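The data below hold one chain only, encoded as structure tokens and taken in the form predicted alone.
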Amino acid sequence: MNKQISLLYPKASCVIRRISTPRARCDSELQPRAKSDPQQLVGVVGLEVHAQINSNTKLFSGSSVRFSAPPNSLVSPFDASLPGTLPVLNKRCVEAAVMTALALNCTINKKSLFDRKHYFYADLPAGYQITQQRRPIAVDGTLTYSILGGKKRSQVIRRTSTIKQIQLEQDSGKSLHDDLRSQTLIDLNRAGVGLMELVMEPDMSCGEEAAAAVRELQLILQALGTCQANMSEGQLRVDANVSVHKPGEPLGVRTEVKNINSVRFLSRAIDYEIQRHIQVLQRGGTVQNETRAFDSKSGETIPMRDKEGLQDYRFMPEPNLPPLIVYEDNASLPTGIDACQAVVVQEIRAGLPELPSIKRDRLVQTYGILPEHSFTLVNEDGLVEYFEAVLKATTKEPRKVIGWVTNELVGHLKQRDMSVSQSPISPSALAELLERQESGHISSSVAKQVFQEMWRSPGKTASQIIQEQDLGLVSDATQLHSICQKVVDSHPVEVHAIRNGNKKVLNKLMGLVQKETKGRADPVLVRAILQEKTS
């Protein structure tokens, strides 16, 4: 059942904010930014991100929110815009917007206003969307994101994008076009679902920066629990505003690429659009102010319609909703207001979890791992917890454990399109395997062989597999002396090279010994024996 929020009716005042647009530079190399060629056209990118609020019910009605439910099965009279129905604001949606705003360092407007944005489309029964155009719930935030740059892409480059505003609004329904029968079907299940629209200033310069910013935002929303941010299910949709200009000159005419539902497609769409603008201008043409769509198959954007202006939407105050009031702390609650029905910023701030950027820094500082490894850990849901659980159960150094987690484990998961929670090898099972290797019972090559068998046979421990397949390290000196002598006798050319000073050839002989023992020979003992026999 929808929670209702207590709303007050103080005298409303219209607030108009002027936003200064920063100059942006193209930076496709992802190196620390340098001065651009004043004659070179560079890209300017701003984003509008629509994040579906993680709530059981819709923004203004008690209808359930559920992906892939039967068409038109989650539609209340208000969602269908039947006469006489009125909106009732969902408290959970307001709390989610405030929490998101706090995580993005926004200023929370203690009083925000709702507006009607008019446009006619079949999947919008009322003929207007309830949004927050005049005074949104939060303004003036920042999103700090990181990209890996440098020659080896191991240098962490931090960037900051400005959040102009965060506003609450309704989602529309879905139009399902049936070209075969030349008809359009309408599904109103999504109509009225709560959205947070995050409007970002045009301070990015290329597709890779925009993709990194959206990926960081996605991780933040998932950490907060305010949005599941599954782009394939439409829970996070991005509109990209793209233009080009010469540094120091006014921004060019922009186009908007709508409803991009993949981080990878976002990067491709923006880079394509920047190059399209540049080519149009270099041919002496004019860039049209229009809305475009990205065709992922061709990798191109295609025109949809002319870009609407503010006047086209005929914004007006929403008459059925009073100003939305949030409170800084319990002490600021007016007399007579039920604290359970009010949104209190201080309480929400106290419940903020560890954010992705802080988590990455902590992992690097605590465990001494490389920054790029911290990105891998944080980007995979549940992988940080898995890594730390392994560390607690083994004496192996974090820098050695990280390779097993990011290479072996993640590699197997990605091959099979599985999540960390679906891994057949638990953290304790992996820790046991690493302990066997660390204690010298098995070699590194055998450890990888055991890992493969553990993956194929869930429930079997490393110790069981090692015992069943007799994979323990061969440390019997007499046996190794015999094998090494056989290798030395059958490779006189290599032995001659070693005796002439080419010590690297010794590694080849060690590899041959390991081949004879199926990777089970003690490498330290083998090296000592071979050095003795080739000296």
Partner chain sequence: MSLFSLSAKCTCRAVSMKSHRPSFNLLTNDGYSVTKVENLHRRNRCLQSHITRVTRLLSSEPHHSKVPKVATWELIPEDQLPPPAHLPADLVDQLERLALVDFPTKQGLACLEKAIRFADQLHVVDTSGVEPMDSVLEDRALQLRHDAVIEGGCAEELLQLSKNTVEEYFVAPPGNIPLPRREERATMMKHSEL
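Computed from a predicted model, the values in this text were never measured in an experiment. Residue numbers count along the first chain shown, from 1.
Keep in mind that the form predicted in complex with its partner chain is not shown, yet the notes after this line are about it.
- Using a 4.5 Å cut-off to its partner chain in the predicted bound form, not one of G141, V156 and G403 places a heavy atom inside that distance.
- In summary, among the residues N289, T184, N230, S463, the only one with a non-hydrogen atom within 4.5 Å of its partner chain in the predicted bound form is T184.
- Shown without its partner, this chain lists H245, R92, R237, K359 as candidates; in the predicted bound form, only R92 has a non-hydrogen atom within 4.5 angstroms of its partner chain.
- Stretch 337-345 is the answer when you ask which of 416-424, 268-276, 337-345, 296-304 has residues with heavy atoms within 4.5 Å of its partner chain in the predicted bound form.
- Not displayed here, its partner chain is kept clear of K164 by more than 4.5 Å at the level of heavy atoms in the predicted bound form.
- Although the partner is absent here, P492 lies well away from its partner chain in the predicted bound form, with no heavy atom inside 4.5 Å.
- Shown alone here, G149 lies farther than 4.5 Å from its partner chain in the predicted bound form, counting heavy atoms only.
- For R399, no non-hydrogen atom is located within 4.5 Å of its partner chain in the predicted bound form, even though that partner is not displayed.
- Along 353-383, no residue reaches a heavy atom to within 4.5 Å of its partner chain in the predicted bound form.
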